[in-house]
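Shown below, as structure tokens, is a lone chain in the form predicted on its own; questions about how it binds or moves come after it.
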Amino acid sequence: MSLLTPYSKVPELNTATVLLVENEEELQSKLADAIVQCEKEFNVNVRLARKLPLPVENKKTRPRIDLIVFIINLLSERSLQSAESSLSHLHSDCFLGKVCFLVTDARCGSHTQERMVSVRKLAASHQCPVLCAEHRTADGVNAAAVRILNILKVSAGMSPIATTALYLSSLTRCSVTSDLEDD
């Protein structure tokens, strides 16, 4: 088993790479298009994967991955299970500001609330942020793309050094309610 490590490659000048991981590929391509079309001050490469580990065949040509986004559809138990199983294929250094969770369908019933609690616990245990996105509208997808680009800018080292630590800590702080901390 090959672990995905964040610092095994040399970064490209003025370029950041985000890996979008989604088992069901419902939001993945729309989000990738929105990220590429957003106005930004640096080049962005978007890679797509259904799950981890990534294929070993193209390991040498794969660019350095600056941010890994796990997209979880709360209406699907399989989506959450796929994200959980993929986490074991990441080196522990990836959890230092290089991973986040993006959840969809957070408002769609009691099953989603139970899964949301599971996602929040998972994110808290790995010190990763959880973003909520509305994937059924173009505005919702664009808003998610902007938030991911803001995190990508910090995780790729594209923001000023003086503000990076403060900004990154505010982005990676998982908003866990007190009832989750009691469990």
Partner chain sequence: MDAQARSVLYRIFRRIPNRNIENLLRRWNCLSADQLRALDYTRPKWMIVEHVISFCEESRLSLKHITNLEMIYHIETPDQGIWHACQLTEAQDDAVCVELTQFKEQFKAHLHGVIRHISIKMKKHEDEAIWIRIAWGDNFNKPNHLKPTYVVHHLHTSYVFISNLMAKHKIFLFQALVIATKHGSIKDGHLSTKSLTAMRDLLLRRYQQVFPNAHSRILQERNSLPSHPCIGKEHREHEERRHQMACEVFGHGPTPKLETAVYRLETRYRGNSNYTLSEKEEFLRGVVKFSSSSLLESLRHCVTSGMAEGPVTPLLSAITQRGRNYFVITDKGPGVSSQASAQRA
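Numbering follows the first chain given and starts at 1. Quick caveat, the model's predicted, so the values are computed rather than measured.
Absent from the display: the form predicted together with the partner chain. The rest refers to it.
Enquirer: Could you work out which of 64, 126, 47, 135 is the residue within 4.5 angstroms of the partner chain in the predicted complex, going by heavy atoms?
Expert: Selected option: 47.
Enquirer: Contact between residue 157 and the partner chain in the predicted complex at 4.5 Å, heavy atoms?
Expert: Residue-level check for residue 157: no, no contact with the partner chain.
Enquirer: With the partner left out of view, is residue 146 within 4.5 angstroms of the partner chain in the predicted complex by any non-hydrogen atom?
Expert: Although the partner chain is absent here, residue 146 would stay clear of it in the predicted complex, with no heavy atoms inside 4.5 Å.
Enquirer: Can you tell me if residue 33 lies within 4.5 angstroms of the partner chain in the predicted complex, counting non-hydrogen atoms only?
Expert: Output for residue 33 is yes: heavy atoms within 4.5 Å of the partner chain.
Enquirer: Is it the case that residue 54, even though its partner is missing from this view, gets within 4.5 Å of the partner chain in the predicted complex, heavy atoms only?
Expert: Judged by the heavy-atom cut-off of 4.5 Å, residue 54 is in contact with the partner chain in the predicted complex.
Enquirer: Taking the partner chain in the predicted complex, would 88, 93 and 119 all count as contacting it (heavy atom within 4.5 Å)?
Expert: No, the whole trio is out of contact, none within 4.5 Å by any heavy atom.
Enquirer: Counting only heavy atoms and a 4.5 Å cutoff, which of 136-144, 66-74, 149-157, 33-41 contacts the partner chain in the predicted complex?
Expert: Heavy-atom contact with the partner occurs in 33-41.
Enquirer: Heavy atoms within 4.5 Å of the partner chain in the predicted complex is the criterion; list the residues of 11-32 that meet it.
Expert: In sequence order, 19, 25, 32 come within 4.5 Å of the partner.
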